[in-house]
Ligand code: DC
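One chain comes next, on its own, written as structure tokens: the form predicted alone.
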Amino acid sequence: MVVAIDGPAGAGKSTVGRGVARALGYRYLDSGALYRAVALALIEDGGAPAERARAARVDVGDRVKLDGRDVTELIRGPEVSELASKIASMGEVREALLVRQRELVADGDWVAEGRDIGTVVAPEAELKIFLTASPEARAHRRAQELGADWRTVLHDQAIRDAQDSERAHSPLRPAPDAIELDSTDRPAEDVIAQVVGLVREAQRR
């Protein structure tokens, strides 16, 4: 079974995705980590983005490894985030990483989160969630992670949201059959429990 969780940055996808995967014993795919790892590879070694996307060996889960090296913390820096957003708009890069993501979720039970899981990567997913939160709540969460001013994060977030929603390749949008959940004023544990319940309902159908 594939559980697809999509939504904008800061909505809580990673926290909810990991929590649901742990609760159900499913494997977890953070698709954004693939783009971030490729961005890190480009920063460190250069090259053409599409070629790096095809050549890089990225292992995802609770930790992220790039060509065998743990880069979990390194890929969360602002420089990597900015470049990851840029290469995510490139069709050849998305195509290369799309192949990798589909290979991963083709076998077994997965919770996969990102911005186009339910619409592009796994449109046949048995359960699709589109997780949202208010821009301010998302900015506060991200600022806390980065140790940055939330107003600066809010400004950068608005730019990223526009890029993600307006890009030609796999724009951010809910799948027609996605269940939309707002996490603005809800504890993560509450959202995780709701999604786990929705998974169990889907399993009974």
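Start at 1 with the first residue shown and count on from there. Source: prediction; values computed, not measured.
FYI, the form predicted together with the named molecule isn't displayed, but the following is about it.
Stretch-level contact check against the named molecule in the predicted complex with heavy atoms at 4.5 Å: of 175-183, 147-155, 34-42, 58-66, the positive one is 34-42. In the predicted complex, none of the heavy atoms of Arg100 sits within 4.5 Å of a heavy atom of the named molecule.
Within 4.5 Å of any heavy atom of the named molecule in the predicted complex lies no heavy atom of Lys128. Looking at Thr132, you'd find every heavy atom of it more than 4.5 angstroms from the named molecule in the predicted complex. The shortest heavy atom separation between Val93 and the named molecule in the predicted complex exceeds 4.5 Å. Contacts with the named molecule in the predicted complex, taken as any heavy atom within 4.5 Å, map within 81-96 to Ala84, Ser85, Ala88, Arg94.
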